[in-house]
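We begin with a single chain expressed as structure tokens, specifically the form predicted on its own.
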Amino acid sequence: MIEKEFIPKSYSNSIESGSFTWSSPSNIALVKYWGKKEHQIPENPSISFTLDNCKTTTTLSFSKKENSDSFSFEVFLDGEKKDDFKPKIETFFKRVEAYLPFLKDYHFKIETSNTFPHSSGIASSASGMSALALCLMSIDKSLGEHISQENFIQKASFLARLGSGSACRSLEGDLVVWGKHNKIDGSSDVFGVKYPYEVHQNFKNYQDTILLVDKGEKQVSSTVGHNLMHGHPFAKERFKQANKNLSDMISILKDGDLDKFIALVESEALTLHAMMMTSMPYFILMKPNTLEIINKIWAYRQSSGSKVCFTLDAGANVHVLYPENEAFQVLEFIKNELVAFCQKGQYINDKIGFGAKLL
């Protein structure tokens, strides 16, 4: 499906006011996307686990305006007005206006809350933008846009991508691919798709404990980081590597090979941060305690034979990934040896989830 097909032909209904509430999860990429072209198109494909407990709940209230000259909205996070969020949302509205032509007809009140710290390396933009896109799609459908459930999710993913690239992977579960890949049927650069192939039982109900090493706002945003891939000396090889790793992940997911899964996922995490450290200007988002945790995980795995591993997003926090059948032992290890490296001893127990919900 090309972008023009997401433009509604006409609306048959008129609505004065209303509201919709959606809950949408964050996700954690196993093969990372880092670097993008114009219009939020990824330089390489990625695949992610959809999370369950780390989510954003957004209520979008709307009321008809007298004129349609400009966008009109206000934003609240946990009940507190957040005018500093408005520029990003206005940019998003401008990008999606052609596909949601009602945007200037209404005043919107956006009320949002996260189950995790904002801007700390858990993908709050992914859950937030996907939840907002779903609320807007509910208005689109109520105005009379005739669209199947499949196309509803597809268009919502397309819209979410224009707000935050990884947001297009947060609508469904439990594995989602974003970016065109020649071995994955239906994959696309413009929206995320559910992973279409066989997944071994080893990866069902996979666990993710997120260690909050640093809950503060990142000193370098993901948007800035992505842009630094333009002209990066290792960019082309990195994009090739990501494509190969996604090919390899297909057989890993089918065969249930946890050792190969661990090697690929940890390599991807460290490569992501290597790209940050070798860009110009260079930067480091890991903290000393991030490295302490990684070394503890390696030592524990070697001594116990556990299949626990780590991955990182664009931040200091560590996602500890492990099979469901190791949950008790790994959680004991986390409590006994890793919590000491978390800010205020805080961590979030999560697992692989099934996507967004209308509330």
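Residue positions are given as counts along the sequence shown, with the first one as 1. Everything numeric here is computed off the predicted structure, so don't read it as measured data.
Beyond what is shown, the protein has a form predicted together with a small molecule; the following relates to that form.
Using a 4.5 Å cutoff between non-hydrogen atoms, residue 320 does not count as a contact of the small molecule in the predicted bound form. In the predicted bound form, no heavy atom of residue 157 sits within 4.5 Å of the small molecule. Within this chain, residue 55 is remote from the site of the small molecule in the predicted bound form, having no heavy atom within 4.5 Å.
The small molecule is not drawn, but in the predicted bound form it has a heavy atom within 4.5 Å of residue 33.
Checked against the small molecule in the predicted bound form, the residues 272, 89, 100, 153 give one hit for a heavy atom within 4.5 Å, which is 272. None of 287, 181, 226, 215 but one reaches within 4.5 angstroms of the small molecule in the predicted bound form through a heavy atom, and that residue is 226. Contact with the small molecule, judged by heavy atoms within 4.5 Å in the predicted bound form, is confined among 160-168, 244-252, 100-108, 72-80 to 160-168.
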